[in-house]
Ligand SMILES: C[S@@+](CC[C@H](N)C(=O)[O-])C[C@H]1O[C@@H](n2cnc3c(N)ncnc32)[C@H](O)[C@@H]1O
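Quick setup: one chain, the form predicted on its own, written in structure tokens, and binding and motion questions come after.
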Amino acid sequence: MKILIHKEKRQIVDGREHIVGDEMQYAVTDLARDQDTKYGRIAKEDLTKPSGSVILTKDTKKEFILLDADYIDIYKRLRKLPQTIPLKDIGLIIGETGINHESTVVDSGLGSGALAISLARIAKHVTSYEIREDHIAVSQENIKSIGLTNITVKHKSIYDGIDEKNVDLITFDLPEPWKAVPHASLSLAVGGWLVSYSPSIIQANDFAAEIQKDERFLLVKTVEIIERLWETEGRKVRPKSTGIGHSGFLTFVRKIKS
């Protein structure tokens, strides 16, 4: 895959020309034919040039920057299902739990596979539980697109138990996460993490209440991440009216006793 980036607006700031404004991006998956864009057609021969090349459309002579697609370029274009965990929340899970290339992870509520894929990029292996066949089909298509081989998908409810033992991290994206707490307590290694993602604070509160009944667990915190975008064009600096507000609540739990 290749990425084409075009930035339309130019301004003179302090006597120098600057490119400003939002860019237009195109993902090119078929390099054997010309690519049509809003600004004109790009020849297929130009799509084979090195990453970072500046290429022109055939007709309008508009400039595009050509990049080789990286992981994140492919990830952002995967098929997403409703209530997919956004990157801002995924990043906190990875940062707070400290998983690495030796970590084993159990993920539940697979959905489109967004979280499982992100965790598998870092962890040794991810096992994901999902009961819906349509979600499994979408997630497996996404996993194949990314090219990961260290994700195992199980068509099973995690409410019925967790097969894996001595796990470093378990993630819940479930309507009733408190029901799976007893299974997590048996599967987590001492020092391991349990993270529950819930769209409703009532769900998060009920999950926390269940955790506090089990002395093997330490309830660390429940947080909500708000992402606020800003415009920075010359001396015009202000928050944008769009952005990611509420997505969900993350509750972090650590197993402290066997």
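The numbering used is simple: start at 1 and walk along the sequence shown. Note that the structure is a prediction, hence the values are computed from the model and not measured.
There is another form of the same protein, the form predicted in complex with this ligand; it is not shown, and what comes next is about it.
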### Query
Heavy atom within 4.5 Å of this ligand in the model of the complex: which of His125, Lys156, Arg77, Lys88?
Lys156
### Query
Val195, Gln212 and Lys255: each with a heavy atom within 4.5 Å of this ligand in the model of the complex?
no
### Query
Is Arg121 close to this ligand in the model of the complex, meaning a heavy atom pair under 4.5 Å apart or at it?
no
### Message
With the partner left out here, check for me: in the model of the complex, does some heavy atom of Asn150 sit within 4.5 Å of this ligand?
### Response
no
### Query
Is there any non-hydrogen atom of Ser145 lying within 4.5 Å of this ligand in the model of the complex?
no
### Task
Indicate whether Ile131 is a 4.5 Å heavy atom neighbour of this ligand in the model of the complex.
yes
### Task
Pick the stretch from 182-190, 80-88, 97-105, 162-170 whose residues have a heavy atom within 4.5 Å of this ligand in the model of the complex.
80-88
### Query
For the stretch 87-120, which residues lie within 4.5 Å of this ligand in the model of the complex by non-hydrogen atom distance?
Ser108, Gly109, Leu110, Gly111, Ser112, Gly113, Ala114, Leu115
